[in-house]
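Let's start with one chain on its own, the form predicted on its own, as structure tokens.
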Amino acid sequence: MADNSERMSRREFLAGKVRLAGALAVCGGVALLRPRGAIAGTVWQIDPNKCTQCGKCATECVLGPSAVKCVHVHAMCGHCELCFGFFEAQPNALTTAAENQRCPTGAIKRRFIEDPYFEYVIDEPLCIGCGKCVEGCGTFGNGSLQLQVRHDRCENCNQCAIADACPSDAFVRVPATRPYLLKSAEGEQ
């Protein structure tokens, strides 16, 4: 018969199993903290040269509001009095009244600089990523308003719901070291 000092008690055996299960749970939990299935070193982004401002960024993102926001490339902007990213195509007046604005949430703020120049700033918490301002800026302006995924909000899902729904395949994986794809004044990225 075995010596009692060499035999493990039932209590010690179960305690060891509980510790093992706890360690496995912690390891599994750490694995869950990593973005689900994300390709190492890459993030989702919108290629502004492919984006058609279809509106799906506002409705298909798993987050509410969407992680996609309008960004303003100020170096490209003409600071126009009549900005079609801000105003409807045929505004009643060049005032900041809601009926004259293209943005459904009032996320674009307009500030007078000097005649005839105005500054346009995006209030990102109000932006839903619908792309209406980007469409207006691209159709009638110089394209200084663009949609981009904001990575401080994005879950970096393995298969982005917006990428699945994007009709123009504008959602692409880019290196995390260069996460933004903006058009320049020359049309380069």
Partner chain sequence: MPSTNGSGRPPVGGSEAAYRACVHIAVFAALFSLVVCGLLVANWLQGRARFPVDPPAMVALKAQLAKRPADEALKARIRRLDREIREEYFGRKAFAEGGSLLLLAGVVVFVAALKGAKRLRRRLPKPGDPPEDPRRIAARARVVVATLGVVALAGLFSLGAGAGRDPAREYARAVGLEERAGRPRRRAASARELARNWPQFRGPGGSGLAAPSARPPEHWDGTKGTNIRWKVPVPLPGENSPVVWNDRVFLSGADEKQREVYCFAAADGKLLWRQPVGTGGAGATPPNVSSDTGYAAPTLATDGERVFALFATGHLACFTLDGKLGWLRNLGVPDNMYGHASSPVLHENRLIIQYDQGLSAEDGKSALLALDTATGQTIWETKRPVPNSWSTPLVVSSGGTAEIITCANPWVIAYDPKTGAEKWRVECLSGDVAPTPIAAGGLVLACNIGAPLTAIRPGGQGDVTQSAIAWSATDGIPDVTSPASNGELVWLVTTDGLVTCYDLKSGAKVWEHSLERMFWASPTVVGDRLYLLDNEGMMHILATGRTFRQLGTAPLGESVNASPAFVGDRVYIRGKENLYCIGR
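For clarity, every value in this text was computed on a predicted model and none was experimentally measured. Residue numbers count along the first chain shown, from 1.
Keep in mind the form predicted in complex with its partner chain is missing from the figure; the text below concerns it.
Mapping the unseen interface onto this chain, residue 67 falls outside it, with no heavy atom inside 4.5 Å of its partner chain in the predicted bound form. Mapping the unseen interface onto this chain, residue 46 falls outside it, with no heavy atom inside 4.5 Å of its partner chain in the predicted bound form. When its partner chain is considered in the predicted bound form, residue 130 lines it closely, a heavy atom lying within 4.5 Å. For the stretch 75 to 99, the set of residues having any non-hydrogen atom within 4.5 angstroms of its partner chain in the predicted bound form comprises 88, 92, 96, 97, 98, 99, in sequence order.
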